[in-house]
Ligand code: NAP
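Below you will find one chain, with nothing else, as structure tokens; this is the form predicted alone, and questions on how it binds or moves follow later.
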Amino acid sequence: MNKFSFFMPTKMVFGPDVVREAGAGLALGKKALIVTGRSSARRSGALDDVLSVLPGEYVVFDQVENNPSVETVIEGGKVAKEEGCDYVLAIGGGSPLDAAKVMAVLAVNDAHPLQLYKDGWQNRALPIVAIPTTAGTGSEVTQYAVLTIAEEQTKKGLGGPDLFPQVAYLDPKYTESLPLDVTIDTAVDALSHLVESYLSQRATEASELPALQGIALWGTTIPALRKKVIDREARAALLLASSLGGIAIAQTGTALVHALGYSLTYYDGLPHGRANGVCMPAYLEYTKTVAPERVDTILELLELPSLAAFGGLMHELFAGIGGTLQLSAETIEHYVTKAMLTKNIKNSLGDPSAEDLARILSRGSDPRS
């Protein structure tokens, strides 16, 4: 057994009505910066639940867009400073949760967000409460925050131990108001985290446990996802699988699927989970050449007979919502060049080459191929 470390400081509270039951314990200070997207926190009922029990003062910052920008987190950090907030409460999918983490840093550090990538930060971020309303990113249990960096024309992750939320409240009912396409996109995002963590160069005996459990749990939801009728039981399984994926990648990071997916999101507008999903079949095909037993384990846990069946599942899930690529050779070369600059590639099994990445993107034009 190899030497490893495992750090997971976030307290998870899972189940129906956990926010209301937390009561005054929801507060981590005297005044909260409540960070949300523009509508999901209200539509899901999560914001109402928070406000019904939250003691003390608060200010709501509800301007976080999909794929949050540097400008947005600057504004949120400024509000937190001016209002004297001493903790951050984030409600939403990965975008509000990630943005809230950076705002928690900027509230107590005089720095531009781009400086944080280069130099880190001196003062510990404000404590964070995370309440996810999607079952995808697992951001409620990770030390990562991903922003859209216009200057570099990509999405880019930032990390630090104080970006782990102090506590995460997970209630499956908050995902019930999601449109079907968002439910599917975020579900596939969760699967990509679980798979990439298990297939990571940095995987350990400890990180593999949540990854494998999460893959098996995700597999139980395949019939509901195929029918595109996702009841609360399936949503509960997806939400827990998403958090298990977050726990896993908190230890290992992600791999080449994310490196390629960032460009598909930035340039082509594919939602993050869908961008990962169209690359996963060819990624697994590539990985089977270097770690066949691991790919076979994933298929077995998903109860899928072959890689072709996995590709068929991705095609079936994205049917009608747009899940194919039509990329020119020049575009593929550009995306591969950007991906090769990321740490995610070194994190992938088999030392993938630019040619390998180009082949994966080319095959992404039809996940069944």
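Everything numeric here is computed off the predicted structure, so don't read it as measured data. Numbers follow the displayed sequence, beginning with 1.
The form predicted together with the ligand is left out here; the points below concern that form.
- Residues 38, 186 and 189 are all found to lie within 4.5 Å of the ligand in the predicted bound form, as judged by heavy atom distances.
- This chain is displayed without the ligand, yet in the predicted bound form the stretch 129-137 from 214-222, 288-296, 129-137, 198-206 comes within 4.5 Å of it by heavy atoms.
- When the ligand is considered in the predicted bound form, residue 174 lines it closely, a heavy atom lying within 4.5 Å.
- Although the partner is absent here, residue 33 lies well away from the ligand in the predicted bound form, with no heavy atom inside 4.5 Å.
- When the ligand is considered in the predicted bound form, residue 95 lines it closely, a heavy atom lying within 4.5 Å.
- Interface membership of residue 145, defined by any non-hydrogen atom within 4.5 Å of the ligand in the predicted bound form, is confirmed.
- Comment: the ligand is not present in this chain, but in the predicted bound form one of 182, 149, 167, 236 has a heavy atom within 4.5 Å of it, namely 182.
- Contacts to the ligand in the predicted bound form (heavy atom within 4.5 Å) from stretch 247-271: 249, 258, 262.
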